[in-house]
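In the block that follows, a single chain appears as structure tokens, in the form predicted alone.
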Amino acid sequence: MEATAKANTNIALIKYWGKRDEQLFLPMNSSLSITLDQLSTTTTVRWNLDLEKDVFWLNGQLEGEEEANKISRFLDKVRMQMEEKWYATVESVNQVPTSAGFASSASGFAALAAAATKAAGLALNHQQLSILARQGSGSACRSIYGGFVEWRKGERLDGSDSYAIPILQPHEWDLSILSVLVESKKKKVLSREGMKRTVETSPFYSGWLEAVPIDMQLAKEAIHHRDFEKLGRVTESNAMKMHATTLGANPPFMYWQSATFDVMEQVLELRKKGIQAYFTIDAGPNVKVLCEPHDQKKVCEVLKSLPLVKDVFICHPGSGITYL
């Protein structure tokens, strides 16, 4: 009983920030993303009747108890559907810097959900996979699909109406997304902790919840009309609002580093020179820059010239989960 699945990471244009249910990973707001074609996780799951516990390998290294327990808690949800107490060997190869704001958990849990259920012989459709992946990492529900994806927050207490849906296929609008690596170390405040602290203590959080539906509508209109400038402006504005909530938390915290500011300032300079480029930042110091394909070479050259930039990955809208 073995299967291998690959999932790409995604970049949220309208951010998911805050949970209404910590156990089921139910979000306080809906969100919208682009699945990327260059940053991915490939995972093989082997169910084995002879194992006494789950075993987790990441990038060729046997992971310790803490990380293995995270995988086991997720696999428990699959075991419930299998109605078997089998354990598994999980081998993942991550092409995404882990815990650095590049959404490695999104591709990781999407690939794990797909491989584990396939290996178990469970015939889950994409909506069911999205619901399952969400319970490992919220943003993983969006990586089930390719292209432009909306995660509907849902209203039900059991989370049965909280899942992602595709709104535009990868080939229907080719944009360039430059993932700018300024720091690959594990971040000090993980996303889950940061969300919880912000929801519970930031006086700015209520304003965030009021603004998101407006941003969602603007972003969906921009995608429908292929209006890049409109999409870029709302994407950049939404990211700034999300990060502002962290400054009001108690204690306050910030994911940005000096290099983050350098990239942001350089993007603003590019726009002054007539090049349409816009930034967005998830829960980490690294920056994603949106531009149109005819500008990607120039934007990449400028960003790579910054002293604190370690690397730039040029991405485009990518596919959803695939089985290998």
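A residue's number is simply how far along the shown sequence it sits, counting from 1. Just so we're clear, the structure is a prediction, and the values are computed from it rather than from any experiment.
Note that the form predicted in complex with a small molecule isn't included here; everything after this is about it.
Of the heavy atoms in residue 192, some are within 4.5 Å of the small molecule in the predicted bound form. At a distance threshold of 4.5 angstroms between non-hydrogen atoms, residue 242 is in contact with the small molecule in the predicted bound form. The closest non-hydrogen atom of residue 283 lies within 4.5 Å of the small molecule in the predicted bound form. The small molecule is not drawn, but in the predicted bound form it has a heavy atom within 4.5 Å of residue 138.
The candidate stretches are 292-300, 44-52, 275-283, 61-69, and the one lying within 4.5 Å of the small molecule in the predicted bound form by heavy atoms is 275-283. Residue in contact with the small molecule in the predicted bound form (any heavy atom within 4.5 Å), chosen from 162, 105, 179, 246: 105.
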